[in-house]
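Listed next as structure tokens is one chain, alone, in the form predicted on its own.
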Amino acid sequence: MSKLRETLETGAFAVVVELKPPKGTAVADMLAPVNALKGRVAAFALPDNEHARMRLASVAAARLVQEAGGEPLVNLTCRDRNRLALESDLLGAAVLGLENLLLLSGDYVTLGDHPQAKPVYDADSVQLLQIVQGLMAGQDSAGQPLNGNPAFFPGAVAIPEADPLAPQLLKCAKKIEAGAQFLVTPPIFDLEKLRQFREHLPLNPVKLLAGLKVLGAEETALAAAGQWRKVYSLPPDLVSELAGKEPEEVLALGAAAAGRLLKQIKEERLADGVYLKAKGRTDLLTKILETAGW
């Protein structure tokens, strides 16, 4: 059983740290948080060409994390592969001992650094969860038997601030029915919206990881100019606190804010854990954990 699965299933509070696979082959910076924090967190997440920007493959990066003594959480998107490639990569992850999966549809290619690339989306995130369930049951998506079954701990994404919320709740129910064992939210800054979303989740064993993010100067400037277009909102008081400051000061203050949110989420048990996005920097991740008293 994976450490992440054991942490969540025993009711302990799980901290997942997102790493930044390199745009190249130099992996030392990606692995630095693993060497510093592997005894303090449940898992390290490896994005799969996040925001449609080409990076080191998530499965390869996860293997390196595993070899460094960390627990990997492989992210896998539907954007770049058909179901044949998705199933092949899933089996590859399984034979490498990579059990934890976060399954996503993926941002559209026009948002990334290869806007001329052709998106695939042969399956969506619900269908990919169903494919994973089929593989664990011993057959591929074409109904053909496998020679050896993989074991996975699959999760998916949920959006508490979706407006309207009802379609998102329906999508979450479909993901849970398709086998999602945990849900990860985008970054959360409004805990009241997290509380309301949690109340609407069906009563079942699914676990919830609240996303937390360290804001940067560019993001703060967009929000201050009224140009924020994400699926999550930013509190005006936080934007005012960060706007106009030097980039490193913005990051330090953003990390402290994320740490305060982590502490409150844990104390009030608003989620079963958190998913930290801090630009893959050990110093920011450490500040978050120290601010939260972790």
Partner chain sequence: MIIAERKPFAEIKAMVAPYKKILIVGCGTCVAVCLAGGEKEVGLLASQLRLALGLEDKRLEIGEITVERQCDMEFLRPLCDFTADYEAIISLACGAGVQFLKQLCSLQPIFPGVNTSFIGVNNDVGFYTERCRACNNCYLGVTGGICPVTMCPKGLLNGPCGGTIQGHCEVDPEKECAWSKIYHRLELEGSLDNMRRIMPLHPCDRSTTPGTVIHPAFKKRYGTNE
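Residue numbers count along the first chain shown, from 1. All figures in this text were calculated on a predicted structure; none of them were measured in a lab.
Separately, the form predicted in complex with the partner chain exists; it is not shown, and the next lines address it.
Complete contact of Val132, Asn149 and Thr185 with the partner chain in the model of the complex (any heavy atom, 4.5 Å): Zero of three within 4.5 Å in the model of the complex.
Even though the partner chain is not shown here, does Asp89 get within 4.5 Å of it in the model of the complex, heavy atoms only? Asp89: no, not in contact with the partner chain in the model of the complex.
In the model of the complex, is there a heavy atom of the partner chain that lies within 4.5 Å of any heavy atom of Glu219, even though the partner is absent here? No, no contact at 4.5 Å.
Taking the partner chain as it sits in the model of the complex, is Leu253 in contact with it (heavy atom to heavy atom, 4.5 Å or less)? Output for Leu253 is no: heavy atoms all beyond 4.5 Å of the partner chain.
Using a 4.5 Å heavy atom cut-off, state whether Lys230 contacts the partner chain in the model of the complex. So Lys230 counts as contacting the partner chain.
Please identify the residue among Leu98, Leu208, Leu76, Val126 with any heavy atom within 4.5 Å of the partner chain in the model of the complex. When the partner chain is considered in the model of the complex, the option within 4.5 Å is Val126.
Heavy atom within 4.5 Å of the partner chain in the model of the complex - residue from Ala94, Leu191, Ala117, Ala178: The residue from Ala94, Leu191, Ala117, Ala178 that makes the contact is Ala178.
Tell me which stretch of 168 to 176, 67 to 75, 219 to 227, 192 to 200 has a heavy atom within 4.5 angstroms of the partner chain in the model of the complex. In short, 168 to 176.
From first to last in sequence, which residues of 80 to 115 have any non-hydrogen atom within 4.5 angstroms of the partner chain in the model of the complex? Read in sequence order, the residues that approach the partner chain (within 4.5 Å, in the model of the complex) are Arg83, Ser105, Gly106, Asp107, Tyr108, Thr110, Leu111.
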